[in-house]
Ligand code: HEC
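First comes one chain, alone, set out as structure tokens in the form predicted on its own.
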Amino acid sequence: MQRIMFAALLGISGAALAEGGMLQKECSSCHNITGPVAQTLKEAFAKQGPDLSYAGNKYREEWIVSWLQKPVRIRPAGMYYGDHLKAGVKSDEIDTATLKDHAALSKADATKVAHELMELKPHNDLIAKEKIEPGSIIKQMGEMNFDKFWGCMACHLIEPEYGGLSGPEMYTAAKRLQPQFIASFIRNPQAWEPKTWMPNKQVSEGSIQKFVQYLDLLSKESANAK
């Protein structure tokens, strides 16, 4: 009943959920697609994949279509890194044998899934509050803001094998995420997911804009490197 009520807020009918679209067929075994998001640590620890109940506010549709056809791991240590560690010579390291690959879909199925995900927009209110200022940033200044000032590299990679492993990599973030979502999530992660591992560091408005510009720069460099 709780999921049906949340689905109604998303504009999805109970009948549609019962019939089941591509999301139900392909995604619901590992992802929360109807909400609500995890409200307890127990629920957060049990997550098998990112919450998709607000995917329409978060992702770029063209990226979803492309990624689902050829999935590449975004979280190097899995959804919860504690489940995928083993003792190494110098320190803990990722036990890749415990990580599961994401299934690849056909272009037709990926397009259908992406279209359905884009309909899931329960947080238009948070998105509407964000204004992305035009501008650019020098890479060295962006990295200083990301690493030295706010310590984000403790959890995130800014290029392959450079940075932390417990969170999603950031060098393709601007290709997969909408800029307003990036700004909003940095501003108040718990407004999106109360039990997210991402801390609210009370980031200033100027630094939020720098983050958006820096991630855009990283994504362009990543694309050019291929």
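Throughout, we count residues from 1 along the sequence that is shown. The structure displayed is predicted, hence computed values, not measured ones.
One more form of this protein, predicted together with heme C, exists but is not displayed; see below.
For a residue to qualify, one of its non-hydrogen atoms must sit within 4.5 Å of heme C in the model of the complex; all three of L23, P50 and P199 qualify. Checked against heme C in the model of the complex, the residues H123, K139, K129, R75 give one hit for a heavy atom within 4.5 Å, which is R75.
At least one heavy atom of F181 is located within 4.5 Å of heme C in the model of the complex. Proximity of M118 to heme C in the model of the complex: non-hydrogen atoms within 4.5 Å are absent; the residue sits far from the partner. Contact annotation for L215: at least one heavy atom lies within 4.5 Å of heme C in the model of the complex. Under a 4.5 angstroms non-hydrogen atom cutoff, heme C in the model of the complex has C30 among its neighbouring residues. For the stretch 144 to 158, the set of residues having any non-hydrogen atom within 4.5 angstroms of heme C in the model of the complex comprises F146, W150, G151, C152, C155, H156, in sequence order.
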